[in-house]
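First, one chain by itself: the form predicted on its own, in structure tokens.
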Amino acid sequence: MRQEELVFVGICDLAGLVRGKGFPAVELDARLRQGVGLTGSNIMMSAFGPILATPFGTTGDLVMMPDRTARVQVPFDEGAAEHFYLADLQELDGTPWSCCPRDFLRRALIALEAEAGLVVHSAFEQEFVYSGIEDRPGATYALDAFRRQGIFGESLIGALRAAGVTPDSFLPEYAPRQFEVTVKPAIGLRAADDAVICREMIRSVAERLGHRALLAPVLKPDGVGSGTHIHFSLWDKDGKPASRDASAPYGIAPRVSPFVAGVLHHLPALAAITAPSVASYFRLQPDRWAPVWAFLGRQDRGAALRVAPVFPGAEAKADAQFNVEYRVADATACPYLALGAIIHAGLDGIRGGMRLPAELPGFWDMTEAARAEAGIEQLPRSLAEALDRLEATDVARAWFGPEFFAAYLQFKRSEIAALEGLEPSDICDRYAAIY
């Protein structure tokens, strides 16, 4: 049977899923110039498939314009290669569409560099459950689990490198059959591209081995979840790291501390963008190795923002290695929106001259009353609460723009309505079937 190579062009949409169209590879040059057609309501496809609500109706045309720098072509021993491009959503005249997720991040990056002279380096850590390994007691972080995953890890690392992403680590994680893959930091938009590509390579390799990788936030309402942790640092326009000052509070340089303060200030609203599913809030529970309070901590994995350590032997590169980890995120989030929201919030902190709170010794020994007195908020307990916090954050309207802001709120609230009346276990199953 004669076969002809296909190429896929897609966007990572509001559900955090890559969707788009394929075409014969012989047309690639033309498609790189002309793009691929789409309509506005396509971005309102729910995680579950159908368009549950849309402000765009059936009219209007857009263009998915492939980014030549965001190309993936990974051959496999059997079956077709992974060959796809990530794209921007544009109007027919070539201007960015107001609801393009990639442009949401791009606008934040441009504003940060223009106003503060700073550039973001970041990387996404991805946790997931791999169905191709038997769950055994005592497998947490174990060499046994590492061994029994077979060639999945080796194949994933090879696929990532072939896709243009630089792998950093692969390890068995805390929950049953759970693994984590990390990649090296990238500059600006490329870090979010890498996050999208990484997820797709995880799924692709698992599928080709006859299994599934489940990136859903949590598989059981009372279980340990899978997060997507976002590490970020700020550098100046000359390529020098700007985030670290060992003598400053938290070790964060005065130039950068207002940025981190802005992220901290807006955390309850950011959760609606970075932990944007109903199931996300089954993960964000006490005693689950997930944050429930909006606080900054040094090397504290219970903190929503964690100042990461500088390891022994790396002192000569400490300024470059220093970073802050954002832990209120999972794979139901679109990486462009998640990273873009963090940057928009940080830039608001710079504009407002926000200050970091004093370091808190013994956070976990504090009473809730003491935490409240210190101005530390609990994170939202549900997606509905997080969306209300986002909607009440006037500055967030400017981050999105009025059309995109209204569409995002409508999109996520329609997702809540679609799950109304279901038991928590059924909700987890719905997300696990997709992510």
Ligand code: GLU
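Residue numbers here begin at 1 and follow the sequence given. Computed from a predicted structure; not experimentally measured.
Not on display, but discussed next: the form predicted together with glutamic acid.
J.: Given that glutamic acid is not shown alongside this chain, does Glu180 nevertheless sit within 4.5 Å of it in the model of the complex, heavy atom to heavy atom?
T.: Output for Glu180 is yes: heavy atoms within 4.5 Å of glutamic acid.
J.: Verify the contact flag for Ala290: yes if a non-hydrogen atom of it lies within 4.5 Å of a non-hydrogen atom of glutamic acid in the model of the complex, no if not.
T.: Flag for Ala290 set to yes.
J.: Quick one: is His231 in contact with glutamic acid in the model of the complex, heavy atoms, 4.5 Å cut-off?
T.: Because no heavy atom of His231 falls inside 4.5 Å of glutamic acid in the model of the complex, the answer is no.
J.: At 4.5 Å between heavy atoms, is Val307 in contact with glutamic acid in the model of the complex?
T.: Looking in the model of the complex, residue contacts with glutamic acid do not include Val307, since no heavy atom lies within 4.5 Å.
J.: Considering glutamic acid in the model of the complex, find the one stretch among 343-351, 265-273, 148-156, 223-231 with heavy atoms no farther than 4.5 Å from it.
T.: Within 4.5 Å of the partner lies stretch 223-231.
J.: Answer with one of Arg244, Arg199, Arg327, His121: the residue that has a non-hydrogen atom within 4.5 Å of glutamic acid in the model of the complex.
T.: If I apply the 4.5 Å criterion carefully, the residue I get is Arg327.
J.: Select from the listed residues Glu82, Asp194, Glu127, Asp103 the one whose heavy atoms reach within 4.5 Å of glutamic acid in the model of the complex.
T.: Exactly one residue meets the criterion: Glu127.
J.: Can you work out whether glutamic acid is within 4.5 angstroms of a heavy atom in all three of Asp88, Arg107 and Arg190 in the model of the complex?
T.: Zero of three within 4.5 Å in the model of the complex.
J.: Which residues in 293-310 have a heavy atom within 4.5 Å of glutamic acid in the model of the complex?
T.: Read in sequence order, the lone residue that approaches glutamic acid (within 4.5 Å, in the model of the complex) is Arg301.
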